[in-house]
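The data below hold one chain only, encoded as structure tokens and taken in the form predicted alone.
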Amino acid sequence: MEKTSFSSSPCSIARSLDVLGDWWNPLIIRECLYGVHRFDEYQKHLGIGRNILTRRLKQLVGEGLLERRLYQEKPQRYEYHLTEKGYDAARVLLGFMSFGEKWYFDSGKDPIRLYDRDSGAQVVPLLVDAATKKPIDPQKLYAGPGPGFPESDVVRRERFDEFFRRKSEVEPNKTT
């Protein structure tokens, strides 16, 4: 069965799923975040087949989430390290971690904890708004079209009804 590509979708979540939607890719990124960098180490920690791991590493390098670094000349062997884009993907995985700890492990029984390299203090991931620095409550969100949403005004209004309804309440005399 061929995987559907979301590469042209007008949705950031869908496009991200093209890379992060395969269950091995997030686990490879997780391992890299935890300090695993070599092929055999990935295989050991993940129990993944060589052929699958080879394909996923190639994809993650091609997508710019990982970079290969030569660590042995003969035979040539590489380590895989997160790029800036890879660290941004890791932020998404930290959200998965928080969700998993809350809903799939008993309180205080979290299997892995994160620590700040500078202070040594335990870190608990939390998604916050960039402007206010306050935690985001998904129940208080609604969506609206961004500048990259390509559909007609009719489709935009249908898709983002609440956005346009709220906008017309604030600006009742505007016709956009």
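All values reported here derive from a predicted model rather than from experimental measurement. All residue numbers are counted from 1 along the displayed sequence.
In what follows, reference is made to the form predicted in complex with another copy of the chain, a form of this protein that is not presented.
Mapping the unseen interface onto this chain, Y71 falls outside it, with no heavy atom inside 4.5 Å of another copy of the chain in the predicted bound form.
Among residues of the shown chain, E67 is not one whose heavy atoms approach another copy of the chain to within 4.5 Å in the predicted bound form. Another copy of the chain in the predicted bound form is approached by K85, whose closest heavy atom lies within 4.5 angstroms of it. Contact annotation for R159: at least one heavy atom lies within 4.5 Å of another copy of the chain in the predicted bound form. Contacts with another copy of the chain in the predicted bound form, taken as any heavy atom within 4.5 Å, map within 110 to 128 to D110, P111, I112, R113, L114, Y115, D116, R117, D118, G120, Q122, V123, V124, P125, L126, L127, V128.
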